[in-house]
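Starting off, we have a lone chain in the form predicted alone, written out as structure tokens.
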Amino acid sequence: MKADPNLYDYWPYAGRPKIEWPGGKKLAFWIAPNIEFYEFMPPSNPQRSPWPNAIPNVQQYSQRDFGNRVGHLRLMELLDRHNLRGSVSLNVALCDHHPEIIEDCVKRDWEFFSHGIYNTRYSYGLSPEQEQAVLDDSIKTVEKASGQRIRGYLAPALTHTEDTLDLIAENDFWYSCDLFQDDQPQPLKTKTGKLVSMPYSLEVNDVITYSVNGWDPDRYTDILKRHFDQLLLEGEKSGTVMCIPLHAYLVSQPNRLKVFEEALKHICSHQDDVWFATGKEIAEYFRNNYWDQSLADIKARGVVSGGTGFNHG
């Protein structure tokens, strides 16, 4: 067992090259609706069960189906009211199961990035060839459905192999959402490409809030506001990133959505300081403007550890 996956260098927060987002903005804000498809009877994976309870799990299957039937539309209408675009974390099989949801996203000029094929088919145990097939399917399916070339990746159900980041870099993906080590983008240590670790979040993810911690909507909104305020304050010194990952089967429940909107109103009241962007736009800006500076700073601090992910050289 390796002590460290060596996916990125240790890079102390203080004293990094200053990031300024377009227009001199202090904080890049993006919002990531997870549009997912859970199979009722998925193929088994020896390393993880698709459902926490015994199969058939009618209750949890139907709970997640709420998002695709009711929740996404509610969330889209809410984001429309605040002129916010989503960056969709997409189980790409949804393009075939519910194309009308994809069409609604395309109409709104939302970005798509891959969240695997289904959220019930995990990466654990896949060979590089099998994982490449998942990427090929993701790229082709989303291009056919939307005309977009996807540039971001969030592994299905946050499951990985030692090859995942190298493969997405080889396939000209620009950013990964699978790491949670920072509040600023950071270069990842892949064999090829320029793959950015994009701040996503478990801390302000509605799955953690509602399904893990069991908090109420008011507490979630308060956490979002405080999270935003702190990142905006630190963004005066160097630009930060805040993402709100969402799942419509949770946040779009009737008793939760209106309270969640209060957080969006708070964030959107800081138009002068916040760059409202997509994940792809943030990754592209960082790659074009701060990639080389970041690597030079890591090298100058003497903290380069050598090798690439899962390979210490």
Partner chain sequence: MDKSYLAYPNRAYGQDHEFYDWRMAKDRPSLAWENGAKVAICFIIPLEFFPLNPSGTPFKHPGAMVTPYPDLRHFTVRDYGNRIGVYRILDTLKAANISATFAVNGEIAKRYPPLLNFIRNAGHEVAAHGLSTDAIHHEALTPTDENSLIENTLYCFDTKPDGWMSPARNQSSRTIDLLTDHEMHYCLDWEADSVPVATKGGLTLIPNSYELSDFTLLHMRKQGEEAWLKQMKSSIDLLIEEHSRFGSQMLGLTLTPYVIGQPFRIWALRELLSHINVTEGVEAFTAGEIDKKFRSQK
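Remember, it's a predicted structure, so these values are computed and weren't measured experimentally. Numbering follows the first chain given and starts at 1.
One more form of this protein exists, namely the form predicted in complex with its partner chain; it is left out here, but the text below deals with it.
No residue of the trio Val134, Leu195 and Cys243 has any heavy atom within 4.5 Å of its partner chain in the predicted complex. For the residues Arg85, Arg74, His160, Arg121, the 4.5 Å heavy atom test against its partner chain in the predicted complex is passed only by His160. With the partner removed from view, the residue among His97, Lys140, Arg108, Lys237 that has a non-hydrogen atom within 4.5 Å of its partner chain in the predicted complex turns out to be Lys237. Taking non-hydrogen atoms only, Ala296 never approaches its partner chain to within 4.5 angstroms in the predicted complex.
Contact between Ser127 and its partner chain in the predicted complex is not found at the 4.5 Å heavy atom cutoff. Its partner chain in the predicted complex comes within 4.5 Å of no heavy atom belonging to Gly307.
Mapping the unseen interface onto this chain, Pro12 counts among the residues with a heavy atom inside 4.5 Å of its partner chain in the predicted complex. Exactly one of the stretches 141-149, 198-206, 77-85, 110-118 approaches its partner chain in the predicted complex with heavy atoms within 4.5 Å, and it is 198-206.
Applying a 4.5 Å heavy atom cutoff to its partner chain in the predicted complex picks out Asp182, Asp183, Gln186, Leu202, Glu203, Val204, Ile208, Val212, Asn213, Trp215 from 182-215, in order along the sequence.
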